[in-house]
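The form predicted alone is given below as one chain in structure tokens.
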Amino acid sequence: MAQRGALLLGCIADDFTGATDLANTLVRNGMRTIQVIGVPDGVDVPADAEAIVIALKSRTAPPVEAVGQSVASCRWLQQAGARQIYLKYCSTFDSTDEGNIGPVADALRAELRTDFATICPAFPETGRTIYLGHSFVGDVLLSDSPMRHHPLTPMTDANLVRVLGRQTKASVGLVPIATVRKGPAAMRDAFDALRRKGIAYAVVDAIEDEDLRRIGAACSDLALVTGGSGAAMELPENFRRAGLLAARAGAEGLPDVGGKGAVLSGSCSPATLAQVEHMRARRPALKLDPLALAERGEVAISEALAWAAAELETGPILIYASAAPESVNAVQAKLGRARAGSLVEHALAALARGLVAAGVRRLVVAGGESSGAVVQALGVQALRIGPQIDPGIPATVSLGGTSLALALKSGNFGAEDFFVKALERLR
């Protein structure tokens, strides 16, 4: 059980990099934040934590598992003293028609005994916006973006009202940008009007960061708020206005960890593919072949670790399974989607353990599923969040056990030089 202390905001994230992204937002807005890995069990977090983000690996889990983990996390956070619950999912609303955003939100509303919650995955700083309920990535609809090819959660519909409507039996409405721009009071009136009609969820438009701040202020009295990391940026200020949170500038520094550095990449997003190419041109790199992993299993992993041990003597290395969509599709056609993903995650987890045994203490991981597999394999239970490296990606240091400096990167995030830059920032 967490120690009772300063906790105000309890957050539940459906993947590990998304949790880190949210924690980064809260820290940048002056809230001391700890990230806990998985449903807490005997985790003792620092008493000065004002926000706790529980990182689940539930985005692509069966809905019943995602619901169970999320409700257990909610109960733990409430017992720890959280005054408001925030459900965090990806800024591109990654999900299928079965879930898991709708089923989890329904379960949390029931647990919190509330009839209403907001839906806002916008993150303008990274080009994710919502207009008239439609999600955009840059200047294209979500359904026209590379997310339509995502191997696990292909997003082929940009209308979030419609997407969420297929995942829940509850009614879904819209608060358009014109209302958002009128300010928090107008949004609260819109929320009340929707509630009177029996509508449980409001998809809220947001095009700029200032829209997100207005939305956050309008949500100050809601028991449950949901969205991407951006929609949480004003929540610390709500507590500040209530006299519950001290004024504070962004992130505090992290302790130096030292040790060797490595990058493990499982994401196949265009942003990550560019980052892989950038680092391959500068440092030793090894590509993992899922077909070879299927045929040779642990032998292939052992060979990769032997290669890593030799190359680490000269500096940081990159090991990656990232590949273009056509290559991913070819592998999935032979192995099946689930098996292909499981093979890569198992390999990255085993490699992470081997790399740490070889002296790696600074580790960058690309991809939400990959980050979850790696962090769980290393037995990391909690992270202290430090300064931002790139939008949505902070430096972190593990708490308890072997101290590790980690950067957990969502596949779509980060500049082309992110891998190199992150290794330099992780001390």
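One-based numbering along the sequence shown. None of these values were measured; they are calculated from a predicted model.
Beyond the structure shown, there is the form predicted together with a small molecule, which is absent from this document and is the topic of what follows.
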{"query": "Touches the small molecule in the predicted complex: residue 369 (any heavy atom, 4.5 Å)", "finding": "yes"}
{"query": "Proximity of residue 340 to the small molecule in the predicted complex, heavy atoms at 4.5 Å", "finding": "yes"}
{"query": "Interface membership of residue 150, the small molecule in the predicted complex, 4.5 Å heavy atom rule", "finding": "yes"}
{"query": "Contact label in the predicted complex: residue 130 to the small molecule, heavy atom within 4.5 Å", "finding": "no"}
{"query": "Non-hydrogen atom within 4.5 Å of the small molecule in the predicted complex for each of 269, 321 and 411", "finding": "yes"}
{"query": "Answer option from 263, 137, 344, 117, heavy atom within 4.5 Å of the small molecule in the predicted complex", "finding": "344"}
{"query": "Among the candidates 216, 99, 173, 290, the residue which, in the predicted complex, approaches the small molecule to within 4.5 Å (heavy atoms)", "finding": "290"}
{"query": "Contact segment among 157-165, 325-333, 238-246, 219-227, judged by heavy atoms lying within 4.5 Å of the small molecule in the predicted complex", "finding": "325-333"}
